[in-house]
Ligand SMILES: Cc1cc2nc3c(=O)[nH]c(=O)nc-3n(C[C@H](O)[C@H](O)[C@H](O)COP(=O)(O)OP(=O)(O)OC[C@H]3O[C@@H](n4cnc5c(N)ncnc54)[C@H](O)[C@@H]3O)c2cc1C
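Read the single chain below, which is given as structure tokens and is the form predicted alone.
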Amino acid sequence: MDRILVLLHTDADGVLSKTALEVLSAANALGGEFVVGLCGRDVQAAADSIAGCGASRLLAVSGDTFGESRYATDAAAAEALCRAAGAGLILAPASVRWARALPGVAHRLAGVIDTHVTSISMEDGAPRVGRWYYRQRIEAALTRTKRPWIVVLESGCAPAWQGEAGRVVLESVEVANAATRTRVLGVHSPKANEQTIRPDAALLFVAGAGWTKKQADGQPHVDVAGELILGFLRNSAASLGSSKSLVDLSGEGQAVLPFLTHMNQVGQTGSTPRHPKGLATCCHGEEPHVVGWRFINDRRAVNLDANCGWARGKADVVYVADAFAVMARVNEILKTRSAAT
């Protein structure tokens, strides 16, 4: 059986993300010995939080140089941790930081890499991974003989690891060639109430093209639609998704919701989120949109058309109603509850 390295990095606040803990849980489920490699400005607190994870060793690359995400330093740190662990199988979360750096690390190690992996298991003593192809329509089971093999796991691959914290002793790993010409001067990020993409949210709210179409009075009400959608996001802390048709309306010269971009797009040409629950509004449940919902556990939709695609086995519950009226009432309820608390 391969020696396993779980390659993790801390977030800006010095803790491990939910996806990182899911990868740690996936490594535990494989059985056998594994090593954890941590990268970040100060990783001691993160290491202490996973003291009971069962790792035989905890390696660390830390310092101000590795506190910010840069390709040069991230790749150098990951390479050093991989060489120090001597692992044949390397598991890492699909974070922006690792997704950018690890393909280059695989080349430096003369190994191979698979990204967008959604599952991993042991079959006859060898690791086997699951991955979707052909726009999320075909799932393949893969195994490789070449080592080292880097596997980048998507969020939702396993339950997040939970265990007791403690005090651990880290093995510091020296990094060669970590010099960089890039200086991070600061980070600009949207305010919390302006953020629309929230991977860890309990609910995915998907807006369809119907929000910008003519309503019962024969006129479009894009401004009202924007207020209702943003109001719901603020009150529920949900994540916002969109169908391709709505995102592409600007190219057709039609009115659009200004806060929607292609980053919000869900479906065969967009993202494939894994939120516990999903609510589609003014979306007809057509195949291109629905394919991105296959990992949502509880799927519901609001649509005036009782014969829309959602009503044909693509949603668990369909509410035949006007989404404008429904979301206005929902926002009122959420505001009342928020005021009561």
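Basically, rigid core = biggest C-alpha set you can superpose within 1.5 Å across the two forms. For every residue, the number given is its place in the sequence shown, counted from 1. Keep in mind the model is a prediction, meaning the values are calculated, not measured.
One more form of this protein, predicted in complex with the ligand, exists but is not displayed; see below.
**Student:** Within a 4.5 Å heavy atom cut-off, is residue 244 in contact with the ligand in the predicted bound form?
**Tutor:** So residue 244 counts as contacting the ligand.
**Student:** Taking 4.5 angstroms as the cut-off for heavy atoms, does residue 323 touch the ligand in the predicted bound form?
**Tutor:** Looking in the predicted bound form, residue contacts with the ligand include residue 323, since a heavy atom lies within 4.5 Å.
**Student:** Just to confirm, residue 265 within 4.5 Å of the ligand in the predicted bound form by heavy atoms?
**Tutor:** Looking in the predicted bound form, residue contacts with the ligand include residue 265, since a heavy atom lies within 4.5 Å.
**Student:** Find out whether any non-hydrogen atom of residue 285 is located within 4.5 angstroms of the ligand in the predicted bound form, and reply yes or no.
**Tutor:** Residue 285: contacts the ligand in the predicted bound form.
**Student:** Does the ligand, in the predicted bound form, lie within 4.5 angstroms of each residue among 201, 273 and 299, using heavy atoms as the measure?
**Tutor:** No.
**Student:** Tell me the stretch among 50 to 58, 64 to 72, 285 to 293, 22 to 30 that has any heavy atom within 4.5 angstroms of the ligand in the predicted bound form.
**Tutor:** Answer to the contact question: 285 to 293.
**Student:** With the ligand left out of view, choose which of 85, 209, 170, 257 has a non-hydrogen atom within 4.5 angstroms of it in the predicted bound form.
**Tutor:** The option sitting close enough to the partner is 209.
**Student:** If the cut-off is 4.5 angstroms on heavy atoms, which of these, 147, 234, 213, 116, is the one near the ligand in the predicted bound form?
**Tutor:** Selected option: 213.
**Student:** Does residue 326 show a Cα shift reaching 2 Å between the shown form and the other one after rigid-core superposition?
**Tutor:** The answer is yes; the displacement is at least 2 Å.
**Student:** Taking the rigid core as reference, does residue 127 move its C-alpha 2 Å or further between the shown form and the other one?
**Tutor:** No, the C-alpha position differs by under 2 Å between the shown form and the other one.
**Student:** Once you overlay the rigid core, does the Cα of residue 146 travel 2 Å or further between the shown form and the other one?
**Tutor:** No; residue 146 is a residue whose C-alpha shifts by less than 2 Å between the shown form and the other one when the cores are overlaid.
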